[in-house]
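Before any questions on how it binds or moves, here is one chain, the form predicted alone, in structure tokens.
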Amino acid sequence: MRIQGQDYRAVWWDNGAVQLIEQRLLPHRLEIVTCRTYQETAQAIKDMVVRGAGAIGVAAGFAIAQAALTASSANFRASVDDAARLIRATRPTAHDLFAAVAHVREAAFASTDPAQGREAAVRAAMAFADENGKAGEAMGRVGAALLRPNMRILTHCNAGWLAFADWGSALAPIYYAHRAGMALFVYATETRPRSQGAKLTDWELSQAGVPHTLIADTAAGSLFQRGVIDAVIVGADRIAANGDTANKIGTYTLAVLAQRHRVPFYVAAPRSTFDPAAPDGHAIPIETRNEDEVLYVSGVADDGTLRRVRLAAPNSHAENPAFDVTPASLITRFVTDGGLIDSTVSAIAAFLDRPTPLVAR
């Protein structure tokens, strides 16, 4: 993706360091954060310097590679496993993180020689990142086939290129169709409490030149009622074996509205987001975040300074689940790197059994 004429990925490897776009400062400032140890990378994931299922998966894979590079030969496996436990604990819901840790850890342990394990871990982490970017492009091609000129599409949170190594998931079909010359219009929810839609999706769509507008989360029902939404496309953080899907809090509400108003509801996600070990949505761990995310809001004041202000009364408290679960019955289809998938147990199992998920490039 190009920002101010320069190509970027959301996360990349730089000679043992992990480079991240500091997403908490967007859209007001573009800064790059350098994480030189796996502990720093894990903290960046936990603090949401980097966020989005695909991007934190890529960062987690790089973090395991960093751990392998610095692990002593005498305690190689134990040191890498200690790092893996720390990284897994950063964000419990997104399955891409766990998939990346498992992939790179397996590569590191494939040989009994720690030196070979270090090299293998770096190769595996870089390959995971590359496949994540390719998966985004594949989802773009697959999902673009669902779109028609002048469609009005609603999306929630941020599932664009900032949430992946590149392209994204929910926004990838929109970018792909836009680049092909198709006229589309996007409604982006603000996505409280962290406002990823207002801060990230709105900025991404502006960078790409896609016509769009921002709406308050509470305005979605009115748009459905007025008949101005033709389709909903969202991303996912974890998809259970039966198709139940965890995504940013508020997704379930939009799915119910879409069904009520007979609007197709699509979930875009790569193979690494599917968790066959979770039989249904009840098995998906839901992250609860600090109440301050609800009680406070951050932004740029008129004088250009970044500030945080309190919204609620001094003694107020808040509940802050980061995700909710949308039942498979509310999902029209999954847009994946292996094609369009029905939201059924059999279709998902067949997809996961395929040796190569990416559609022909």
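Because the structure is predicted, anything quoted here is derived from the model rather than measured. Residue numbers here begin at 1 and follow the sequence given.
FYI, the form predicted together with a further copy of the same chain isn't displayed, but the following is about it.
Legend entry - Joint contact, F76, A107 and D113 to a further copy of the same chain in the model of the complex, by non-hydrogen atom at 4.5 Å: No: none of F76, A107 and D113 comes within 4.5 Å of a further copy of the same chain in the model of the complex.
Inset, instruction - May I ask you to state whether R289 is within 4.5 Å of a further copy of the same chain in the model of the complex, using heavy atom distances? - result: Judged by the heavy-atom cut-off of 4.5 Å, R289 is well away from a further copy of the same chain in the model of the complex.
Legend entry - S316 within 4.5 Å of a further copy of the same chain in the model of the complex, heavy atoms: It does: once a further copy of the same chain is placed as it appears in the model of the complex, S316 has a heavy atom within 4.5 Å of it.
Inset, instruction - Answer for T93 alone: is it within 4.5 Å of a further copy of the same chain in the model of the complex, judged on heavy atom distances? - result: T93: no contact with a further copy of the same chain in the model of the complex.
Legend entry - Contact flag, E131 vs a further copy of the same chain in the model of the complex, heavy atom cut 4.5 Å: No.
Inset, instruction - Could you work out which of D230, D280, D82, D217 is the residue within 4.5 angstroms of a further copy of the same chain in the model of the complex, going by heavy atoms? - result: When a further copy of the same chain is considered in the model of the complex, the option within 4.5 Å is D217.
Inset, instruction - Tell me, out of R226, R179, R148, R123, which residue has a non-hydrogen atom within 4.5 angstroms of a further copy of the same chain in the model of the complex. - result: Only one option qualifies, and that one is R226.
Legend entry - Contact segment among 158 to 166, 267 to 275, 253 to 261, 93 to 101, judged by heavy atoms lying within 4.5 Å of a further copy of the same chain in the model of the complex: Going by heavy atoms within 4.5 Å, the stretch is 253 to 261.
Legend entry - Residues of 14 to 49 having any heavy atom within 4.5 Å of a further copy of the same chain in the model of the complex, listed in sequence order: Read in sequence order, the residues that approach a further copy of the same chain (within 4.5 Å, in the model of the complex) are P27, H28.
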